[in-house]
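Given as structure tokens, the chain that follows is alone and in the form predicted on its own.
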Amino acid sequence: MNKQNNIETFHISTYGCQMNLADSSTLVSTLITRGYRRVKEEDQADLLIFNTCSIREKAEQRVYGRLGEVYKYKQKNPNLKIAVVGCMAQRMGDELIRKVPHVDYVLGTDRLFELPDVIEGLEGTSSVMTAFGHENMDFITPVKETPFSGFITISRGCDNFCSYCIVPFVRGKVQSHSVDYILESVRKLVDEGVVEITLLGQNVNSYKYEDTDFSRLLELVAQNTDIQRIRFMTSHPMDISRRLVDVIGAEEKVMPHIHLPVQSGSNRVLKDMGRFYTIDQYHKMIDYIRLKNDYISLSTDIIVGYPSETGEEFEMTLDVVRKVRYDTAFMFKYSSRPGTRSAEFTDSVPEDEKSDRLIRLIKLQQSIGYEQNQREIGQIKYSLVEGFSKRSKDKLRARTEGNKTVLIPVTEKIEPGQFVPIKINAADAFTLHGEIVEVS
């Protein structure tokens, strides 16, 4: 470590998706390997890092708010350095420092792992770095998210350019890790005690390395490593194949949960969004998924109030939700992102109408989520214990095969990282409740 930079400790805050969490974990590992020490409190750090999200304006506003709040630390300690990395850094570049002058470093999505080089002033680095591309993608080392679970990024970037989405602009074109890298990453995590992994990509099922597509990669990970459970996200309806669905049904290690964003129930809106599938095609894939899986948990993303979305088209979205019956959904009001194609459209849906539509959608999905969870009652779910409930130390939190949270009474016999058979006794719209049972 270069002591001349007066940096010995760091604190990191992460915003956004699992990809950002995975990137932060890798960055933390890189900094620790270089001799820097992570601290829990911001006022104990010589370097404050903000790994950011740009998917919605609200995410960026949160970062601006935090950057304003931490300025007090810089006033007390002139040697404190502040780094903004990730998607917001990629989108704004030099503009970010002009808007927030007390920010020292701005590193984009492909350059954030070079932060140790930047703070040490190594040749070829600068305070603002947003160029895309790695000379060697596989230098990015996977790390554990918890002692028993981990994220492995199998691809970075996206080529779809949906009209509303900033991701292709801040993450760049799709780059896929090699099969050997992924298999060795899984084995490394297994050796460290990990029992469950999540394979990540902006569009995970578009993975392609030489002759290996995503369905074959899943088979290779399941059959050639000792990992016990495999999850993945996020999938694009355009790229999910019947062969992938067959693999999910055939490989016991691959968990029965698919996140498949529909975004809208209107074919016109989908075409305008650049989604390149129809609702009929989407329903046919859902039907095939359920045909090939005795049990499957489905989640989705939905945008309401897209520019020019009519009331009738919003009703089409509600119809899709009623027909598919998602277990969970992430639901949002449309917000314009600078640089995207839809930012040039006239936003003809009033904000109060967007809010009303979102409230109706959330109410419908909550009722369906409740009904979907009722079907779990009486079943035994082999679940991974993750720790205490966020609300009560009297309950342990576990995760079922279908990626649902289940709460059980605390017992000294059970520790985080164990798989246990849990009989589901009750359920609400968001959580299952159960007890550990003996299974012959």
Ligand code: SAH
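Don't overthink the numbering: it's just position in the shown sequence, from 1. Computed from a prediction, not measured in an experiment: that's the story for all the values here.
Keep in mind the form predicted together with S-adenosyl-L-homocysteine (SAH) is missing from the figure; the text below concerns it.
J.: Heavy atoms within 4.5 Å of S-adenosyl-L-homocysteine (SAH) in the model of the complex: which stretch in 344 to 352, 243 to 251, 160 to 168, 316 to 324 meets that?
T.: Only one stretch qualifies here: 160 to 168.
J.: If you check in the model of the complex, is Q366 within 4.5 Å of S-adenosyl-L-homocysteine (SAH), heavy atoms only?
T.: No, no contact at 4.5 Å.
J.: With a cut-off of 4.5 Å between heavy atoms, is R357 one of the residues that contacts S-adenosyl-L-homocysteine (SAH) in the model of the complex?
T.: No.
J.: Would you please decide whether R337 lies within 4.5 angstroms of S-adenosyl-L-homocysteine (SAH) in the model of the complex, comparing each non-hydrogen atom pair?
T.: Output for R337 is yes: heavy atoms within 4.5 Å of S-adenosyl-L-homocysteine (SAH).
J.: Closest heavy atom of I302 to S-adenosyl-L-homocysteine (SAH) in the model of the complex, within 4.5 Å or not?
T.: Output for I302 is yes: heavy atoms within 4.5 Å of S-adenosyl-L-homocysteine (SAH).
J.: State the residue from S266, T198, T328, Q202 whose non-hydrogen atoms include one within 4.5 Å of S-adenosyl-L-homocysteine (SAH) in the model of the complex.
T.: Here the answer is residue option Q202.
J.: Heavy atom within 4.5 Å of S-adenosyl-L-homocysteine (SAH) in the model of the complex: which of H177, R111, R275, H257 fits that? Just give me the one.
T.: Among H177, R111, R275, H257, a heavy atom within 4.5 Å of S-adenosyl-L-homocysteine (SAH) in the model of the complex occurs only for R275.
J.: At 4.5 Å, heavy atom to heavy atom, what parts of 51 to 77 sit next to S-adenosyl-L-homocysteine (SAH) in the model of the complex? List them in sequence order, or say none.
T.: In sequence order, I55, R56 come within 4.5 Å of the partner.
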